[in-house]
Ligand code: AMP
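Form predicted on its own, single chain, as structure tokens, below.
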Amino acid sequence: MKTLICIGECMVELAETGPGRYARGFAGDTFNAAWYARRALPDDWQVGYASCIGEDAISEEMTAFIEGEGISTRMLRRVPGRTVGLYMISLAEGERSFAYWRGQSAARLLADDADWLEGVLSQADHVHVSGITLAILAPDARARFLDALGAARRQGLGVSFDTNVRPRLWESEAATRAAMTAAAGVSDIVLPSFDEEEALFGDADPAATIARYAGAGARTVVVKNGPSPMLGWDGGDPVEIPVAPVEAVVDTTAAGDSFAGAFLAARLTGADLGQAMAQAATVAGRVIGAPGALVR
């Protein structure tokens, strides 16, 4: 059995269901990707989630939820005195805004136990991380995390990186650019969104984004571009795939996460670049047409 492990932060989610009303759930970008990958991968693939959680009741409830979704929790590390983060989603015409409470989040200590992290990486055939995974770490911990990924990749581990830029989580734009470039250098697959890359790096077009991440060391780059065609590259000629229009955009939460999970599932089971991009775009289109991060 092969194993995909997604590493990052799963949080308590409060999603708006009406004026002054919220539903509680669990979500987070790399967890969402794991959830969608689990639904797309065959049974000979195991999907696991690696993070740090607390020893409190809500951490145990989160663990039970993850297990109930068919995702292994044996890579979770419990940290005394810590808990899990919380975020609240507000929507306006389908577009989301977030408020976060993550000061005591155990996931911020992902790189503090080198033996645990090495053990997680050693159990995987492929690991998926994101810009948020990096952003919640202190700079020295971020460097240790990337070093561990690079060492594991040199031993044959597959690595994918969803850039998922959240400026408020970073100490500076310079630190963000440096981390994105370093992460691409230890990744096989990079999944950026053009609007974020244009704002952060000043890229003129998706082709420039591909060239920059390929130059950093990535072997496959897929640039999402909202409703505009996607552009992908995996060493040959670029592949452009149109995006089918969505009749009504209800909630853009997890659009990129669902794309990542579906794309990885397709590539890990032998799909070519264009097929994987098209399949992932179909899943993401369905997700933004319904409320919430995890659309069944």
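In case it trips you up, residue 1 is the first one in the sequence shown, and so on. Since this is a predicted model, take the numbers as computed values, not measurements.
Not pictured, yet referred to below: the form predicted together with the ligand.
- Although the partner is absent here, residue 119 is not a contact residue: none of its heavy atoms lies within 4.5 angstroms of the ligand in the predicted bound form.
- The ligand in the predicted bound form is not approached by residue 70, whose heavy atoms all lie more than 4.5 angstroms from it.
- In the predicted bound form, none of the heavy atoms of residue 14 sits within 4.5 Å of a heavy atom of the ligand.
- The ligand is not drawn, but in the predicted bound form it has a heavy atom within 4.5 Å of residue 224.
- Only one of the listed residues (209, 193, 160, 220) places a non-hydrogen atom within 4.5 angstroms of the ligand in the predicted bound form, and that residue is 193.
- Interface residue among 239, 40, 268, 243, judged by heavy atoms within 4.5 Å of the ligand in the predicted bound form: 243.
- In short, of 25-33, 44-52, 60-68, 248-256 it is 248-256 that has heavy atoms within 4.5 Å of the ligand in the predicted bound form.
- Interface residues of 257-287, taken as those with a heavy atom within 4.5 Å of the ligand in the predicted bound form (partner not displayed): 259, 281, 284, in sequence order.
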